[in-house]
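The chain below stands alone, shown as structure tokens; this is the form predicted alone.
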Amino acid sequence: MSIQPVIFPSDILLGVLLAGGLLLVWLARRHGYFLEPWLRVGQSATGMATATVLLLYLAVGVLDSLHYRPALPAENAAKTVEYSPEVMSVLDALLSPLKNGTEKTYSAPLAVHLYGKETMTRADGQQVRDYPPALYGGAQRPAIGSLLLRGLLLSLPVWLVLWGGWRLARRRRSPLRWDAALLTAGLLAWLGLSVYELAAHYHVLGTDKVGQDVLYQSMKSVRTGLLIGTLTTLVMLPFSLLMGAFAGYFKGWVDDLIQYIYTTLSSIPGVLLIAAAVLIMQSWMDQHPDWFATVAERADARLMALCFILGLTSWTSLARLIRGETMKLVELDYVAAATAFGVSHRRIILRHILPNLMHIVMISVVMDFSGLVLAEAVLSYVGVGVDPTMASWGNMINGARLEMAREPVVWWQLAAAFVFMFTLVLAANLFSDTVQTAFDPRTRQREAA
């Protein structure tokens, strides 16, 4: 084989989350009470537009989670195939021109020269100090305007397909706001194809200190942000559901014990608790270097550990909400009737309590996603986040910290990380507002009144 598939634990958990999402879609189509709030999300132009942006980020994260090791060239046909120690992804293969098009040092966005002067020898033998030309893309570079126009022309077939889909949705009188989703998809297609045309000849977002393309680093950081926001939720949900439901249902000493646990955790500053746990984990990994065959495996193990640490330290707020809602549900007539008929506690919790808590869970999960993405950036900035060898927006911001103090200022690495992270967080926040409006019963009652 020319490649050797590599599966990291984070890839498996991401696959589990995707399977859970597909199961959620299947359940929504089968049960009207669960489908109705999602239809309300789809009837919002903001919800459909932001969902399109989030799906684009998800597609980039999935492509970056399909890992493999390429085969090394064999010296003779009879030799056993050996594979490179470098672990790559499908996204690396698609972005190979950006990955391999490195410069000597800094290069500003869309610049044809490097950012620092060097001593160069002219053809006549005279030495001068000037800005050396950028190597990437060759000497002949088309005008930026012509490349943008070419990107627009390439996106026209996509626009025609999207326009046909919009006409079909109107003919079928679909209640969903497909116009907002298709318009957002068309704009993203034009932007992506324009960047693709520009990236063939320019560093669209410049290069960093060692000459690596900043656009490539920004897109590689998407997977880290998505995993932090989603895998942490996967760890946090069981604790929040069980602790909150048990405290609100059983009350008494169970409630007191669970309240004592999450009150104690909440009283400890979160950054200090996370930093202590990360440093302990880092010390343990340094003492067992032979457990990791490649640098990528070590970085993935640290990412997984950070997700578990964030999940174990951030479940308290959701558990408090679930406890309060459970105490209200226990007093309702159908729960009292089930108790009078001798239904077991386990069955009451599974059949009557947990289904009526799902609107709180959905709202909290979507709203906490953006906070977790920002938490990764903050933790990586202070040095207790993901592995320094792993691409992340926090590591990019940390690397740009000293660059902001030099003259002239190297601003584009910080700006690129901010734009990518801001777009994801803004889309997640707007989508969470739509989900909250659709799932919260009190909001629906106010709208009906």
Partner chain sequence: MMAYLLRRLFYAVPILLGVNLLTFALFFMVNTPDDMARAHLGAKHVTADAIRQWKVERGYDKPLFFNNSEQGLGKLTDTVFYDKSVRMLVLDFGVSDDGRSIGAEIRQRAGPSLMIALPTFVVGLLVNITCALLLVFFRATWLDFWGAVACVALMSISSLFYIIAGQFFMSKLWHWFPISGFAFGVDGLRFLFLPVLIGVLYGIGSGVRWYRTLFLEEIAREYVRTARAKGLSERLVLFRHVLRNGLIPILTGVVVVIPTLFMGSLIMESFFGIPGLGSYTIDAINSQDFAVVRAMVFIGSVLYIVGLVLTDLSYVWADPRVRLQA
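All values derive from a computational prediction rather than experimental measurement. Numbering follows the first chain given and starts at 1.
This protein has a second form, the form predicted in complex with the partner chain, left out of what is shown; the following refers to that one.
Visitor: Though only this chain appears here, would S317 touch the partner chain in the model of the complex if you measure heavy atom gaps against 4.5 Å?
Guide: Heavy-atom contact with the partner chain at 4.5 Å: absent for S317.
Visitor: My question is simply whether W253 lines the interface with the partner chain in the model of the complex - judged by any non-hydrogen atom within 4.5 Å.
Guide: No, W253 sits far enough from the partner chain in the model of the complex that none of its heavy atoms falls within 4.5 Å.
Visitor: Might Y68 be said to contact the partner chain in the model of the complex, defining contact as any heavy atom within 4.5 Å?
Guide: Residue-level check for Y68: no, no contact with the partner chain.
Visitor: Taking 4.5 angstroms as the cut-off for heavy atoms, does A143 touch the partner chain in the model of the complex?
Guide: Residue-level check for A143: no, no contact with the partner chain.
Visitor: Between the options L110, I268, L148, L94, which residue brings a heavy atom to within 4.5 Å of the partner chain in the model of the complex?
Guide: Of L110, I268, L148, L94, the residue with a heavy atom within 4.5 Å of the partner chain in the model of the complex is I268.
Visitor: Could you spot which one of S283, Q126, T119, T80 gets a heavy atom to within 4.5 Å of the partner chain in the model of the complex?
Guide: Contact check passes for S283.
Visitor: Choose from 370-378, 204-212, 235-243, 151-159 the stretch whose residues reach within 4.5 Å of the partner chain in the model of the complex, heavy atoms counted.
Guide: After filtering at 4.5 Å, what remains is 370-378.
Visitor: If you apply a 4.5 angstroms heavy atom cut-off, which residues in 394-419 are near the partner chain in the model of the complex?
Guide: The stretch 394-419, when checked against the partner chain in the model of the complex, contributes I397, R401, M404, A405, R406, E407, V409, L414, A417, F418 at the 4.5 Å heavy-atom cut-off.
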